[in-house]
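Below you'll find only one chain, the form predicted alone, shown as structure tokens.
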Amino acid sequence: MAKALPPKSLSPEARSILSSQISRRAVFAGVGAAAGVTALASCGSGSSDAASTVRWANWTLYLDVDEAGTSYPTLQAFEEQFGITAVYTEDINDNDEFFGKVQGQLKLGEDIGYDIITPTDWMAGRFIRLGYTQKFDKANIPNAKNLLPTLASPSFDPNRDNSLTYQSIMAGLGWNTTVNPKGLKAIDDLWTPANKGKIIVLSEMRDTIGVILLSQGVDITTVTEDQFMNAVDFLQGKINDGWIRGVKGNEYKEDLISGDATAVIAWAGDLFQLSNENEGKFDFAIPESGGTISGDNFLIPSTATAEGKKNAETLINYYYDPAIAAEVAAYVNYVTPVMGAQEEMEKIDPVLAKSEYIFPTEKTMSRLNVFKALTPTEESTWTEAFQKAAGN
């Protein structure tokens, strides 16, 4: 059977990514099958005792998967190389939701069931501030030297003692290409009759409100409370008027697949993966007014055992190998934080090695903005206002 080609309605960037993925995944399908099947919820077949297990909670659509959707090739290779069984679960849907699930146990010093978690920058800062993480033994993570210099000293962890970026995330506009054949260039393009009642925005406040603020000409690195609340009022109005059907975490992708959503404020990697899996039905763009960028971070919870911590550091070090980072990036299409990964990507896929969504140039980075760090008071007040508008 001939492969379906990407539809011409896709942006040139998405067409090149999708064409590349179609051919690459067809090749890797045979590799995955030959390597054997690994259960998605619990990879590998090694010993199940704590000393040889690492438990990783991650977001959905955030690790390389084989063509059959039954194993994670890089994680399976990790198990074979180190003899450590990786229990991998897609348990993070929303930062606040995940924090609420584990906070009580962390406060009591009880095992939360994970040795590695991957919250977003601001939430990583909260975990660290509350003493819910363990400092890395940096001797176990020599590949940390490959971290991009621009990510080396974030305000929430200046020396990177407790965190390392897993992937960086661009947020912007996503859409169903059938319903929106001309694409979306600005937030105002969301509000067309065909999308009414079928728009989803992210429950990640800094991304949704960030994109709205940028469309209003606000610098989100210095946003004031009045400006923020004005953007919340704008969001509330669109919800009240029936344009927006929901404010959601990672599950928004299910609404796109089902057709319940036709336009979204969303994350780039998700849309490119959904496009690949649905014959180019979806696309993504950074709005003309700008998008947001942030990072999700490897953290080791304070409740991880000594064995679990060491295994976690082994895994983190493994994913900071440029060749492994490139293989992951080739599937997830998020911005990789690892120096040397672009050169390794050239060996895997020269098209993806030129992708602005994986290896952004200075020109693309100039269109992406980091939401300012909030004080505890601002975080409480602003989050409450956003959650009220979202109906929570």
Partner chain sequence: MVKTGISRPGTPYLLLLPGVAFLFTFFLWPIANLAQTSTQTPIAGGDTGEYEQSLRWQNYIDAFLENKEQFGRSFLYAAIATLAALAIAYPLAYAIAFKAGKMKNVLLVLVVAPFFTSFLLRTIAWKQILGEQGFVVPVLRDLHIISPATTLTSSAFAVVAGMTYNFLPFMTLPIYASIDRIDPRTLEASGDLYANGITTFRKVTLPLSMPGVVAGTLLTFIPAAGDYVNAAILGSPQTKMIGNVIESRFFKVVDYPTAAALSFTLMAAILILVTVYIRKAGTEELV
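Every value quoted in this text rests on a predicted model; they were computed, and no experiment measured them. Numbering follows the first chain given and starts at 1.
Keep in mind that the form predicted in complex with the partner chain is missing from the display, and what follows is about it.
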Contact with the partner chain in the predicted bound form for N240, defined as at least one heavy atom pair within 4.5 Å: yes or no?
yes
Residue-level contact is defined here as any heavy atom of the residue lying within 4.5 Å of the partner chain in the predicted bound form; does D219 satisfy this criterion?
no
Report whether the minimum heavy atom distance between R126 and the partner chain in the predicted bound form is within 4.5 Å.
yes
Does D255 reach the partner chain in the predicted bound form if we count a contact as any heavy atom within 4.5 Å?
yes
Where, among 177 to 185, 110 to 118, 245 to 253, 148 to 156, do residues come within 4.5 Å of the partner chain in the predicted bound form by heavy atom distance?
245 to 253
Would all three of D260, P376 and A389 be in contact with the partner chain in the predicted bound form, where contact means some heavy atom lies within 4.5 Å?
yes
Interface check vs the partner chain in the predicted bound form: of Q103, S302, N230, T192, the one with a heavy atom inside 4.5 Å is Q103
If you check E97, E288, D161, E90 against the partner chain in the predicted bound form, which one has a heavy atom within 4.5 Å?
E97
Which residues in 368 to 386 have a heavy atom within 4.5 Å of the partner chain in the predicted bound form?
P376, E379, S380, T383, E384
